[in-house]
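Take a look at this one chain, the form predicted on its own, written out in C-alpha cells.
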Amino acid sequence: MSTNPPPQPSSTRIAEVIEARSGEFTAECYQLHQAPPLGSLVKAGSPDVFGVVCDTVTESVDPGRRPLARGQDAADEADVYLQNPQLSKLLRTTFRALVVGHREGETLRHYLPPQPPHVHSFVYLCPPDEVRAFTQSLDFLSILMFSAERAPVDEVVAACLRQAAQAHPDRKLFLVGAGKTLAPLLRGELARLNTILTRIRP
C-alpha cells in the first residue's frame, strides 16, 4: 500500500494582470463574477508577487456604455444570463490586489518587490498551505494598513486575517497573534483597533 502523503492543493489560475504598479495590481478575471473573496491572498508574476484582494468591480467592457436592466420578465438572476448570453462578452469582473510581499529564491519577503508583476502575468489564488507559509510572519500587516488609500482599509485587514486564519491549525492562536501585531500599529487609534478586533473575533 502506498504511503505517499495526499497531494497538496495546487494554485488555481483565476485572472490576468491588466495594470501594475509597485504597490498594487489590477487583474481581469477569466470568469464573470468569479473574483476571489475580499482579503484573499493571491500571487502573480515570476518570481511570485503576493497581493491581498482589496476591491472588486463588475462593469461594462466598454466604459462608455453602462449595463441596462434586463430582468423584468426573468424568473431569477440566473435566468437573466440564460436569456442574454451575450452578457458574458459585454461585462467583465476585475479586482485590485495590494502588494504585501514577494518570493526571493526560496525565501518569502514581506515587503514590496523590486518590480511589480508584468501586465498579462497570470494571477493565482494561493492554496491553504501557501497562505499558511506566507502568514507565519505578520510583518505584511504594516504594508496593508498604510497602503490601501482607495480601499476600506480596516475591512480589508479584517477580511485578510479571517481568510488566513482558516489555513492555520489553531485559528484562535493565529488571530490573537494578529491582534497583538496590530496593537502597536494602531497606537492612539483605539476605535479602529477595536473595530478590526471585533471583525476577527473567533
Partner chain sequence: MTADRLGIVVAGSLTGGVEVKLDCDVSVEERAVGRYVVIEGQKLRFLGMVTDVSLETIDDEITSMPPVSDEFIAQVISGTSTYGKLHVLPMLAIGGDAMGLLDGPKTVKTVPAHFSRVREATEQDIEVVFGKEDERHFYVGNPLDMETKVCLDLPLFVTRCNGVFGKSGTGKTFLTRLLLIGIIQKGAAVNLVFDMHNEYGWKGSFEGAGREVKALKQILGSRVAVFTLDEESSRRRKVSTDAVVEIGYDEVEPEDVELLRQTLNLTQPAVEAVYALAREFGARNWLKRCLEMDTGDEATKALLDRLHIHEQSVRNLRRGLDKLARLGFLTPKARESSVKRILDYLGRGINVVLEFGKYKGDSTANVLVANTLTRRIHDQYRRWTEQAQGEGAAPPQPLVITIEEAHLFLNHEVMDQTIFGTIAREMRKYNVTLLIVDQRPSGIDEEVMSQIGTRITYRLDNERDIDNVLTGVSNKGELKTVLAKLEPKQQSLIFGHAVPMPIVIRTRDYEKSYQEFAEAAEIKRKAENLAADLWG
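Positions refer to the first chain, counted from 1. Owing to the predicted nature of the structure, the values given are computational and were not obtained by experimental measurement.
Another form exists, predicted in complex with its partner chain; not displayed. Remarks below refer to it.
The stretch in contact with its partner chain in the model of the complex, judged by heavy atoms within 4.5 Å, is 172-180, chosen from 26-34, 42-50, 137-145, 172-180. Under a 4.5 angstroms non-hydrogen atom cutoff, its partner chain in the model of the complex lacks S22 among its neighbouring residues. Its partner chain in the model of the complex is not approached by I14, whose heavy atoms all lie more than 4.5 angstroms from it.
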